[in-house]
Each structure stands twice: as structure tokens, then as C-alpha cells.
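Shown below, as C-alpha cells, is a lone chain in the form predicted on its own; questions about how it binds or moves come after it.
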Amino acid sequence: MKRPVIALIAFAIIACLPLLGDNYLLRLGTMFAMYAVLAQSWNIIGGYAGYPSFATAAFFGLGAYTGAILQGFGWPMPLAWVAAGLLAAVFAGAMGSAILHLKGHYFAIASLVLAEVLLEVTTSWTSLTGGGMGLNLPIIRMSIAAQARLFFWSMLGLAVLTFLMSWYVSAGRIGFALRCIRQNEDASSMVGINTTRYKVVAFVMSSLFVGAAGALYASWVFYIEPPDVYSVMTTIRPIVMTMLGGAGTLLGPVIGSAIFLVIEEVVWRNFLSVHAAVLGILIVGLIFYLPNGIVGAVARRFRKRGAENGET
């Protein structure tokens, strides 16, 4: 119980950022919350189940355009965000039923194709999505400071909901089944676990809040275009953040999101011209020296210390 409580206290402390009155910190807080949503969601299918999903960009982009289009039709923002998340979940359920019989790199390639297909559909459907010209969202009639607080609290609330979902998965039957699948899927089937059903459920859960985050992001930036929301980096970042923190753990994705954001900001400020290369080298180095992530390294150290104390 200690780990969830610590995480919730951390979220509560972050929620106090608006009291500092700094829009830059609010932007960082909003980015951290969005990264935490993406990383925690990916961890359900990629960490607990061990399936290397590259579909995050598909869910994020679908949610972004769903929210933008619905707001253009006059829907209130919160309803558009909810609808975007639900549509992403329905899409994940349909696609998951079709591709989750694949394993390893076959599944990875199939999941990666989803974003490319949606990218082509979005670019071609000009009458609805604006095509390659992008899509403008309705302007919110409130001050810039009020907008910054609104989107910060909304994204942070979404991150907390995602954490609660991850906690539920980790502590319940779904988490147990997914860990069994990760260890040995064939043996899991033999002992009565419906592996197909649990994999589809995990895939759907990994999409729900990502779609909502995409819609919230679209409202935040007021303008979206296909290459932005379907970017391959939207898929890569959650994987890296989860691996940095510790895949298959409850706190790992949250910790990894914070570390990644700090590294990203430092690199952007100091190595603007070669930021991508420097960021890549730093991340690869961290993953190489911390193969089980920060959480895994800390847990291993505590186990080692406990063993040493037991011997003495």
C-alpha cells in the first residue's frame, strides 16, 4: 500500500504548481502529466503483458482528431475528451482482436502499422479532418493564465485516473493473468487463463486514457496536424520512459516520465542544434546501465542490503 500512497501524495504536491504562478512550470507539469498517461498506459500491455506495442501514436492521434472534430461540431471539451477516449478503446478492441494472435516482432510491426493507416486516412479525408493542412480548434474565451491552469489540472487528473487504473490492474486478477502471459503464454493457456481475452482487455486499457490525452492535447495547443499527433516519437517516448523507470512496475512509468522530461528539457536548453542525438545517447546509456529501470535498481539494492544484514 505504501507505493500507491506515495505516488498519490506526489501527484497532490504537483497539483500545487499553480500556486507558484509560473506558466513555464505549468507547461512542464502538463507535459509530465501527459507523459505519465502515455507511459502508464503502455506499461499495461508492454510491461505487465510483455507485448511490444507500438500503437500509442495511433490511439493518441485518433483521440486528438476525434476531440478536435467533436469540438468543431459544438461539443463541450470534457464530453469530447471522454468520447475520444471511448472511441480509441473501441478501435483498440477491434484491432486487438485481429492482431493479438501475433507474437514478438510480428505483433510489434502490426501495431506500428495502425498509426500509419490512420495517418493516411486522416490526411486523405480532407472534408472532415482538414487533411495535410491540419485542423484548428475553437478558441477558449479565458485568460492565458486560466487556460494554463485548466489544462494542467485536467491532464494531471487524467494521469491520476491512469495511475488508479494501473494500480487496479497490478493488484488484481488482470495483472496476475498478464504476468503469467509475459512469463509463458502457452503454459498460461494450459492452466485455464483465457490469454486472448486478457490481452485484448490490456490493449483496450492501454488505449482508453491515451485517446483522452490526445483530445486534451488538441484542446491545449488549439491546432493539430497528422504528422504531429501520429508522430513515431509519440510511440517511442512512452516505451523509453517506462524502461527508464521500470517496466512492469506500478511506479516505474511515473518515475520514468519525470526523468525523461528533465533530461529532455536540459538537452533542449543546452544542445539545441543536436538535441536529438544527445538525448538519444543519454537515454541509451541510462537503459544500458539500468536494464531494469530505476525501480528495479533500487529494489535490487534493498534486497542486497537485506541479504547482507541477514548474513551478519
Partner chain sequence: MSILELKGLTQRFGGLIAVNDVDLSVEAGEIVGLIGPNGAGKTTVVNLITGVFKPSSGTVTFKGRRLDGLKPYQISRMGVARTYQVVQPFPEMSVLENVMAPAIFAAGASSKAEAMRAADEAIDFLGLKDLRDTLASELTLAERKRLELAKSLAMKPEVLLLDEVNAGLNPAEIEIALEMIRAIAARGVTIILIEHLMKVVMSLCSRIVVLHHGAKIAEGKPDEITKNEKVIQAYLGNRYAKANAAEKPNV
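Residue numbers count along the first chain shown, from 1. Computed from a predicted model, the values in this text were never measured in an experiment.
The same protein also has a form predicted together with the partner chain, omitted here; what follows describes it.
*Asks:* State the residue from S143, Q183, T126, N136 whose non-hydrogen atoms include one within 4.5 Å of the partner chain in the predicted bound form.
*Replies:* When the partner chain is considered in the predicted bound form, the option within 4.5 Å is Q183.
*Asks:* Find the only residue in M95, A177, L208, L118 having a heavy atom within 4.5 Å of the partner chain in the predicted bound form.
*Replies:* That would be A177.
*Asks:* Suppose contact means a heavy atom within 4.5 Å; in the predicted bound form, does that hold for all of R173, M190 and I193 with the partner chain?
*Replies:* Yes, because R173, M190 and I193 each have a heavy atom that approaches the partner chain to within 4.5 Å in the predicted bound form.
*Asks:* Report yes if any heavy atom of Y198 sits within 4.5 Å of a heavy atom of the partner chain in the predicted bound form; otherwise report no.
*Replies:* Y198 belongs to the contact set for the partner chain.
*Asks:* Among 86-94, 70-78, 209-217, 165-173, which stretch has residues whose heavy atoms lie within 4.5 Å of the partner chain in the predicted bound form?
*Replies:* In short, 165-173.
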